[in-house]
Structures are given as structure tokens and as C-alpha cells.
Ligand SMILES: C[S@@+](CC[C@H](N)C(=O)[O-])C[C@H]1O[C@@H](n2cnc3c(N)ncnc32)[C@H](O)[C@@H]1O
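This document opens with one chain alone, in C-alpha cells, the form predicted alone.
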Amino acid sequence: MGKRVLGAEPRWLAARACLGVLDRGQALDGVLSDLLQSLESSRDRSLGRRLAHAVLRDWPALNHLLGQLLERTPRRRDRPVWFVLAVGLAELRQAREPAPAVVHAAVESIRLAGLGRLSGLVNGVLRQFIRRRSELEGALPDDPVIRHGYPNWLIRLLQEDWPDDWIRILEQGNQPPPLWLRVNRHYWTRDEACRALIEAGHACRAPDELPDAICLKQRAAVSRLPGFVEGGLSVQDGAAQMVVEYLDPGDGDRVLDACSAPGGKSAHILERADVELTAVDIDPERLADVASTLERLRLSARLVAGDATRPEDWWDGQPFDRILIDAPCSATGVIRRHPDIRWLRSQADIQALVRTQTLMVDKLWPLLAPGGILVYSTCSVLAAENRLQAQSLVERHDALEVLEHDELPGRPQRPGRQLLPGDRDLDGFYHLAVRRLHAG
């Protein structure tokens, strides 16, 4: 019980999660989903997640400070101490808890790691930082990598693509995001949902331009929200919900969601119109997530485990009225939700993703019926995946009309529209809608 009060478990969990991301290249959500099950308290789970995010958002500065505070790098078997110290430094820099309590909890967490012989080291390093904080932080290099907490390659790309906005993009990526919800029209109206949320004590707003979206002003336990368990609400950022506005599905349409996992956009399409939906994903395990999403909302679709760049393996030969390509991308527009992305991606990954996106568009374009609409979207802010990719698409396929949708939020890119992280409290997203004019 004493250790639980001290908060050693969530701090050790955060250290292990960061070790998994930074040393082993594991995705944070996957690491946390396993580790969080070991914590009984929702407060501890929230703390563990928050501290893991804090370390990943500030890793270059924390890593540099540790290099200044430690006389030598720990041996490989002692590697966890580096991350326990990083969690402690991140918490001391945030100053949300009394410094002695942070140090005490860090010492207890290294004991939980089975490295009690290093407890004196942890205690000494953190106390040294407290004494020398002004000196050490004042000596941090004046480097955007350390100042903003991003890899240099990504900073360079953002400077090239967004010369007037790159600092804001980086800063927004380090801010905790709001909680966006999507209303299931089959269950209730948005006004009814808002009233239920307000009665339950949740201040919210419902933007006119996003007819199914509700934004909560404060984070909340999703499973306890009114209507969530019954399928009346889903968690989905407003920028992702905009896909349906571009797709504009109608009753009776044949619709293809080409990269459907985890199923939020498929569900939204089915909530908006009575369509015949085919949801494709290359990963059978992730396709199971789509099935779970639809089951919770009492919706149905044809689920296909298949490669969107090889439609000949799964297509029935009947054209689609609507095709959604929510393309695999760098996810640089949702770093505020997934701070590990900046450390798990490389510039070489962007080049490979662009090739896959291009192939996907070219392979799926022939499946679209004349008069049908194809929507290309990413949760990226990089021009190579968005504006330049869209320009290439339009040049390669001349039998199309670009649908600009100037009434929707976003910065005109001609073609398409780009949301940057934080624009109207939304994630970074790109959307392009085109109509096929005729076959050929």
C-alpha cells in the first residue's frame, strides 16, 4: 500500500514504456496497453500515461541533461535506470508535484525494477538536478531539436513545407489534445447527446461545420460518458470526422473504405447513410478491431483482409460509388496524441509511404464508377504526402473534377485542404475529394 501511495508503480510503468519506444522501437499504445493492465487505480494509469508522454515530448533535453548529470553511461543491464531518471527529470521540470515526493517515488520505482543497488544513484542525480537546475537548463544548447523535442529531419521538413507555421506545428504537437466525440445518429441527436453530457457535468461545444462532432473542454473517462456503452458516442477527432463530409455518401451507395482499421471512419459512414460498405485492411488483427467497432455500434459491413494495392485479389468486379483512401502515412498531424511517432519514423519512411500512397490511388481509381467520388486523406502535415501527392494524382488522372469544399475547415492547398494541428482544436489532417467524370 505504501508504494502505491508513493506512486512508484506508474513511474516505473512510464519508464518501461519509454524504454520500449526509444530502445526497442515499439509503438507506445501497444506497450501501454499491456503495462496499464497491471495498475488497479485509474489515477495511477492516468499518471503513468501522462509521464510517458512527457518524457517522449521532451526526450532530447532530458537525454542531454542526463548526460550532464551522470559521470558514465549505465551498463546495458542497468539501462532502465536511464529511463527512471528521465521520468523523474520530466516530472521535476513540470513541477506539478513537490520535488521531494518526486525523488522518493523515483527511488521506489528503481527498486521495483529490481535495481535497488542503484537507488542511491537515482536519489543523488535527481537531488543534484534540483540544486543545479538553473545552471543546467541555462546551459542547454540553443537547438530546435532540444528546444522543441523533435528529430532534426522532421524539423527540417516542416521548415520547408510550412516556413511560417513550423514552430506552431511543433508547439501544438507538445500540447495535450482535447477529447472529441462522434454522435451516432442511429441512437440520438447531437442536441440530445449534448444535453446528456452537460447534465453529467461535462462542458462541451458542438461546432456547426462538423454536424456529428462534440468537443469536451476537459478530458473524461470515456466509458463513463452517457450513451457511450450503448453505442451513442464514439471517440474520434473532428478532423477525422470531416472525411464523411468530403465523401458525401447517400443511401444505396456502394462504398469502399480501403484502409479501414480501426473502423471509426467505416462506422461514421454507416451512421450517416444506408450504404453497402466494404471495409478492407491488410492486417487481419487490425481488421478484428473494425469488427469490434462495428459490433459495439450495432452496424454491419463486408470485412475483407486484403491489400488495397492488389484489388484483384478481393474485388468482386462491381464499381463503387464512393471510395475512401485513408492512406497509410507519417501520422505527423497526430503527434500530440501519439508522441512516439516522432521517434519511430524516419525520413526514409516518408519516401516509402509516398510510393505506397501513389500505388494505392492508381490501383483503386479504376474501381470508382463514373460520377463517383474518391476521397484521399491522411493525418499528415507533410507536403509530399498531401499537396504534392494530390497534384500528382490530378495530373495522372485527367477524367476527374476536384471538389474543393471551401465551406469546410482547412487551409486551401489547391488541390485539397490542410488542417494543421491545433487549427480549431483539431488534429492535423489533409483531405482531397475528386469526382470521376467518365470511364477510361
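Only a predicted model underlies this, so the values are computations on that prediction, with no experimental measurement involved. Residue positions are given as counts along the sequence shown, with the first one as 1.
The discussion below concerns the form predicted together with the ligand, not included here.
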{"item": "Region of this chain that lies against the ligand in the predicted bound form, out of 161 to 169, 283 to 291, 210 to 218, 142 to 150 [heavy atom, 4.5 Å]", "value": "283 to 291"}
{"item": "Partner-contacting position among 271, 245, 321, 307 - heavy atom within 4.5 Å of the ligand in the predicted bound form", "value": "307"}
{"item": "Among the candidates 74, 262, 178, 227, the residue which, in the predicted bound form, approaches the ligand to within 4.5 Å (heavy atoms)", "value": "262"}
{"item": "4.5 Å heavy atom contact, residue 81 and the ligand in the predicted bound form", "value": "no"}
{"item": "4.5 angstroms heavy atom contact with the ligand in the predicted bound form for residue 106", "value": "no"}
{"item": "Contact test in the predicted bound form: residue 311 vs the ligand, heavy atoms, 4.5 Å", "value": "no"}
{"item": "Contact flag, residue 327 vs the ligand in the predicted bound form, heavy atom cut 4.5 Å", "value": "yes"}
